[in-house]
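Just the one chain here, laid out as structure tokens, in the form predicted on its own.
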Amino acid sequence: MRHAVVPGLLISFWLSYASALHAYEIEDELMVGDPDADAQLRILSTTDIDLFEPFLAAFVAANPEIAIDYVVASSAEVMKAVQGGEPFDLVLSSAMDLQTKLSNDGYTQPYSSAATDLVPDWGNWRDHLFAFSQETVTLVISPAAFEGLDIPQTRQDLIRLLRDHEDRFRGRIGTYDISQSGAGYLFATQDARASESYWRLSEVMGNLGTRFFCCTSEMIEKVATGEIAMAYNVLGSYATARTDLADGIRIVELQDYTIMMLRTAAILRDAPNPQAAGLFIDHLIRAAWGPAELDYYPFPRFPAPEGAVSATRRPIRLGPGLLVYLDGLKRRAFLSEWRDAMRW
């Protein structure tokens, strides 16, 4: 991880101090631009610095009067920070349901500009949430671990493969800890809504001692090193971006269905600098939806006004339907069933 402002020996202390001071856990932080700039834009995000830093730098280069304080936290910690009143301007997250809840509960403010007009209705929630990527949720495998085996094309294929080769895959399967990861919980609930095969697959994975992780990046790295053979329900964009690991990973979009999520941005209700936040949203939207003018954009651009959707790709839609599994009783029931299936 890179931290541009705090000297290396002080990073661990600073992050621990920040976590204790604010009742939420910071994973990483980066300052981009002149610390003495006229304005500071504070962004709270679930996107890794390594993936997003060049894009932040491009924004600051175009707007040198603005410096960015970019803070990375898990989606669950993002919720804690916003609900606790931390003074951020923008929230960027892959957890569409949690973003929708923040907006529904009054923590965000509307924004409109010529750039937001580029976003179709399905990528714009009441002018409060704006989609800036549409990404596949995939299976990432180690080619070496699958040597001599047919690559599964559906969840039924994967279930059969795991049952037929238990010794090869025991203790070498990874997925999100959905009790801790907001994005992981979203993907699991959407998976379960799409097909009953999700629960059968979960039981098979549970019988094989599946390992649980906080985030996609860690799973991808462990697949690449061979520590695990496969990672289920991870973001394909992160795997694609790791060109340094290309020889050790392979991305599989299962053909029974592949979930697609929207990464969204929102300006917080009490943003100290909403004007700079609006400029950044415009920058995001033009990169995602407009002509490809930037040399670097960390996510898949929208190739057509209707998005990159095919018969086997199932997009998660923004809207109140995402709030169903955030109900306390439903969440507890889902997590209980998941733990039973996964032998947690």
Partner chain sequence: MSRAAQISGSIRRRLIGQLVLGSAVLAAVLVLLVTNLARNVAQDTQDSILMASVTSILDTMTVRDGEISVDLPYAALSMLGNVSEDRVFYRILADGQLLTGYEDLPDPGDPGRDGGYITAPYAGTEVRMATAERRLSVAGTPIMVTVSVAQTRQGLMQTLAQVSRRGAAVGIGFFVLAALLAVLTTEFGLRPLRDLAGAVSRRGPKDLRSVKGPVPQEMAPLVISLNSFIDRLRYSLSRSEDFIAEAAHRVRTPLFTVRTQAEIALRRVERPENRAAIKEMIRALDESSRAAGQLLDHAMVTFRTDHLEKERVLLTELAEELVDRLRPVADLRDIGLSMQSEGTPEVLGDAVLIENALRNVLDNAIKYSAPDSDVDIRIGREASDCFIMVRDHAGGFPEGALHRMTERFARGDNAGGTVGSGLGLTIAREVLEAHGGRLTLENKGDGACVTLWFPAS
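Fair warning: this is a prediction, and the values are worked out from it, not measured in the lab. Positions refer to the first chain, counted from 1.
There is another form of the same protein, the form predicted in complex with the partner chain; it is not shown, and what comes next is about it.
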query: Candidate spot N104, N124 and D327, all three touching the partner chain in the predicted bound form (heavy atom, 4.5 Å); finding: yes
query: Position in contact with the partner chain when the complex is considered in the predicted bound form, options S217, S74, S197, Q190, heavy atoms within 4.5 Å; finding: Q190
query: Exercise: A23 in contact with the partner chain in the predicted bound form, heavy atom 4.5 Å; finding: no
query: L335 within 4.5 Å of the partner chain in the predicted bound form, heavy atoms; finding: no
query: Touches the partner chain in the predicted bound form: R317 (any heavy atom, 4.5 Å); finding: yes
query: Location of the partner chain contact in the predicted bound form, chosen stretch of 224-232, 173-181, 132-140, 95-103 [non-hydrogen atom, 4.5 Å]; finding: 95-103
